[in-house]
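Single chain ahead, by itself, as structure tokens, in the form predicted alone.
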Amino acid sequence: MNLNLLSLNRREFLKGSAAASAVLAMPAILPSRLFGQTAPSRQITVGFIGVGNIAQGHMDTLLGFNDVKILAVSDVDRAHREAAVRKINGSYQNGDCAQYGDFREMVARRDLDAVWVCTPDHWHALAAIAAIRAGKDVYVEKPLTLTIREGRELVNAARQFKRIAQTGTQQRSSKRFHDTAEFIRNDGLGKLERIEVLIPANNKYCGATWTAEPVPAGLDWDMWLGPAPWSPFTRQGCHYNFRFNLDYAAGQVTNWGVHYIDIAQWALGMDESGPLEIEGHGEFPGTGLFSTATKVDFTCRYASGVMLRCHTRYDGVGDGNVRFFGEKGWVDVSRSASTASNPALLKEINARAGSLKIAASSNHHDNFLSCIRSRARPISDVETGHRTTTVCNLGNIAMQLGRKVRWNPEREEFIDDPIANRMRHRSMRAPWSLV
């Protein structure tokens, strides 16, 4: 795989930095501590790519860990990165945290062990692969990538460079979700028949018209767009609202659906596979700035015969949930509660009586940091995140096509469907490319 990501745009920077070139060309020369060969009590040094909305929670958590030190942040918005630096330096009571407008300069540093990727979705793959090639372990926010091909390339990079890669489907580190998935895997409901995933409706809207605006001072809009098609700046489409534009994200399917489809995949034992058929009938905006589905409804059929349906809820609940139906009734799990058709089923879940035990984690951050030291694969390993994100992408593709598609999870391609296969990836705006 030839991913010349770090040779793009800032060529003069790389030509003028021999140290950076050495790191990029030969990750193996990095200090041995990056490969878990020193005492497990050592401090892990961290950098952030993207320090907007979602990064703040991660930052707050890591600032409370004595064995972690945030050394650098990168963001295309100067206001975001300056605020992050003030927060970090204020917490540490020093002025050590460095800031960068271009993440490639940051990942070239030799003193970073790990990088948190908290950018808009269309940047996840390029940023994470660049960090991996520079010898860093990565925590990549959900969804893992924007497209199916990006996900496979990211997995390949993590394996090739022997990096630890965790994705932000943190419900795997919740006892409630873990025990439910384990219960299903132990046939607690008897033969599993179907799964229903409900996700919230869109929480942002844009009318039929919008106005291009001057780019705010301090925002590198061209870099914000990166590999996405060029578009004039508008506040309605920037920062948080990126998730409602198909150029940058896939709407609530990958915002909320990825969390609960991830639990369904876990319960089905599909962490390295996926469904065989997908059919969708969603609704998409006909005009305006936003383009992701306003109504989600797709169904997946697995080899076992189990049907998974993901659709929008309209009851005002701002969370999602996943409900499993089987011969003995149903169980439902969300972040707030577990319910069941029979209370006795909840007691069985809590008892964890089955012989099959699945991996457990009590804290998503701790799990990632522990794996950096041990070199074990984390609870939401990059392959797992790729497979879950793929199901979300399959649902979106089926809804966009408005018809059934057949999927080969081993080859990761649609069967006899050249149109659908072209939708596994999108062209990137020059000079950005995966190859």
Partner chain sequence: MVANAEPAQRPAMEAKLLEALTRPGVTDVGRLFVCRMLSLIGSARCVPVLAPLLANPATADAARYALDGIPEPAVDEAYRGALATLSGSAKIGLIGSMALRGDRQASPALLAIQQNPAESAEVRAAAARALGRINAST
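Positions refer to the first chain, counted from 1. Here the structure is a predicted model, which means the values were calculated and not measured.
One more form of this protein, predicted in complex with its partner chain, exists but is not displayed; see below.
- When its partner chain is considered in the predicted bound form, Ile419 lines it closely, a heavy atom lying within 4.5 Å.
- Within 4.5 Å of any heavy atom of its partner chain in the predicted bound form lies no heavy atom of Gly90.
- Contact between Arg243 and its partner chain in the predicted bound form is not found at the 4.5 Å heavy atom cutoff.
- Its partner chain is not shown here, but in the predicted bound form it comes within 4.5 Å of a heavy atom of Glu153.
- When contacts are defined as a non-hydrogen atom within 4.5 Å, all of Arg133, Gln400 and Arg429 contact its partner chain in the predicted bound form.
- For its partner chain in the predicted bound form, the listed stretch (225-233, 167-175, 293-301, 105-113) containing residues with heavy atoms inside 4.5 Å is 225-233.
- Put simply, of His311, Arg194, Arg149, Lys328 only one has a heavy atom within 4.5 Å of its partner chain in the predicted bound form, and it is Arg149.
- Contact with its partner chain in the predicted bound form, defined as a heavy atom within 4.5 Å, holds for exactly one of Asp247, Asp77, Asp179, Asp271, namely Asp247.
- Residues of 181-207 include none with a non-hydrogen atom no more than 4.5 angstroms from its partner chain in the predicted bound form.
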